[in-house]
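There is one chain below, alone, in structure tokens, taken in the form predicted on its own.
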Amino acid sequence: MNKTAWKRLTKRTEFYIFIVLIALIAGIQIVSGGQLLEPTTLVTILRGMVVDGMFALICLIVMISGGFDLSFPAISAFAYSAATTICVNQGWCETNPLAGFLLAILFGAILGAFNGWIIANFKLNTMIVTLGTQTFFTGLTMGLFQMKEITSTLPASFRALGESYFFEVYNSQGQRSTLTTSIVFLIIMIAVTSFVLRKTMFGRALYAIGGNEVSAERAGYNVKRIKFILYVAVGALAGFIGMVRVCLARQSIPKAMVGKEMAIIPAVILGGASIFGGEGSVFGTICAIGLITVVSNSMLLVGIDSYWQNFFNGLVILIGITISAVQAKRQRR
């Protein structure tokens, strides 16, 4: 690697996040007496990254465009609750979960289109808009439609998908852990998001809009249409991810997504996405999710109370915002 490439690499936030992740793994491995790198722990960490990793990717593309979406957990909750309720009431999805996933994607796309229409047409602050729609969508789920928890009556195909795995491993105490097949969804989403952001006009448009919306419009990008498509896509994906979570948890609980954005958005910022838009990468985002997941799953290994996770998440927010502000200041220079 030449000096120019190395200098460019060391200026990227994700490079340091990756170094911190490796150092953290090594440190916890020593402190925990070698428990972190046991196959069962590693498989559990990978399993824990599936849903959060996919949510982080949809947050990433929104932040690259210069926006914030606080409503994706509420969209996800409505989509999977409505889809699961319909499947249960109609007796669908006992042998195939496809109908449930399609319904969740449809409901998510409709709610995402509502976000996109407001943001694209009225050019309002995305954080304020999605904060409002988050409350509205939660009201639809819990108030108007009064979605109920579904556990024992969950369609058999949902349970089968959630329980399916590639292989199983055991630790020295005989505890079992399985690598869920749902990790394929995360891998596909990583590949597709990377391709879209790096190789397509839509991805370049998102970076351009996030960098400077006025300049992007002058360059010929249809900002209004791109923003609308973006939020429709985010809504549809939120619905899909919600159904993956239902299958993995083997239960549909409308309240389960409350506050999810407070864990995901800081991770995306920590991974190198700028709060001002125009910056961010898939690699950095996945490294940051890996970092947070490792810490969350390692607290019990090193004897730290799980309540400290809130402290860690708050620290991540502060560090992420500071990094983003410093990056913006350097660019202005």
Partner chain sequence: MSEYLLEMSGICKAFSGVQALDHVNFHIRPGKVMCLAGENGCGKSTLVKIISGVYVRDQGDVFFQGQKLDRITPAEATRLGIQVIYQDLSIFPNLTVRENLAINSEITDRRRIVNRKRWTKTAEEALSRIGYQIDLDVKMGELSVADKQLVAICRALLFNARLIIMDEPTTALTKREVDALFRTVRKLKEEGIAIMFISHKVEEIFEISDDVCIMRNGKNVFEGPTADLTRDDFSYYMTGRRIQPDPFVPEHIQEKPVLEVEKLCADPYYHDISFQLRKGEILGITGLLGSGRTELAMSLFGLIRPDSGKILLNGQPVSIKSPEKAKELRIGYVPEDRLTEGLCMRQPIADNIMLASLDKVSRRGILNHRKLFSEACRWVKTFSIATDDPHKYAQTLSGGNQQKIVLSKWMNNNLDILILNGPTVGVDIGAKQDIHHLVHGLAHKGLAVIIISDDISEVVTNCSRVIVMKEGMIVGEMKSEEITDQRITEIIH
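Residue numbers count along the first chain shown, from 1. This structure is a prediction, so every number in the text was calculated from the model and none was measured.
We do not show the form predicted in complex with its partner chain, though everything after this point is about it.
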Do G174 and its partner chain come within 4.5 Å of each other in the predicted bound form, heavy atoms counted? no
Its partner chain contact at N96 in the predicted bound form, heavy atom, 4.5 Å: no
Would you check, heavy atoms only and a 4.5 Å threshold, whether W92 touches its partner chain in the predicted bound form? no
Examine A219 and determine whether its closest non-hydrogen atom to its partner chain in the predicted bound form is within 4.5 angstroms. yes
Hey, with its partner chain in the predicted bound form, do R198, G211 and S215 all fall inside the 4.5 Å heavy atom range? yes
Heavy atoms within 4.5 Å of its partner chain in the predicted bound form: which stretch among 233 to 241, 158 to 166, 84 to 92, 190 to 198? 190 to 198
